[in-house]
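A single chain, nothing else alongside it, follows as structure tokens in the form predicted alone.
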Amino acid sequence: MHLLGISGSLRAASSSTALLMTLAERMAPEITIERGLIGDLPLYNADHDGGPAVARLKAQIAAAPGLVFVTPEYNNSVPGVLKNAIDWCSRPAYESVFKGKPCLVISVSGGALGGVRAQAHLKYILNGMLAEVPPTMEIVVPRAPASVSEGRFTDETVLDFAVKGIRGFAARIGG
């Protein structure tokens, strides 16, 4: 099965991206996770179409049978850059590439709660666009930066749990 992975962080040393990329390596070839890039998207403006970067991300979302979001928590919610990407791809309203699209949400944070508020907010946003957020075990990763070394996520317990969650998600959506 092929999934699209989106990290909610642009930082070079992002624990979200490190986790996503490490999971992509672990899952292959059983499940491939292509990375959707959000850093080159312009700020959302309904007066414009967003150009080639938006068209590319929309095409990636449309082609994938499911999405895996790995988001940090910023100020008790999702990062603005992730919300911006979602806003671009959520048009036309209720008929966007997100409609009916199965989505798995993983959250990370440097604190003890693992980004649970960001995870809840992202699920709420996705539901509002008619994406499918199937019930599954919640994957929340506290103190994530401590588990990143040389751009890769190193906590084997978290990785094993996340791999199990992605496999369950893939099985649920038909992979």
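Note that the structure is a prediction, hence the values are computed from the model and not measured. Just count from 1 along the sequence shown to find any residue number.
Missing here is the form predicted in complex with a small molecule; even so, the following discussion is about that form.
Partner proximity in the predicted bound form, defined as non-hydrogen atoms within 4.5 angstroms of the small molecule, places exactly one of 125 to 133, 25 to 33, 55 to 63, 107 to 115 at the interface: 107 to 115. In the predicted bound form, the small molecule sits within 4.5 Å of a heavy atom of Pro72. Contact annotation for Arg152: none of its heavy atoms lies within 4.5 Å of the small molecule in the predicted bound form. By the criterion of a heavy atom within 4.5 Å, Lys164 is excluded from the residues contacting the small molecule in the predicted bound form.
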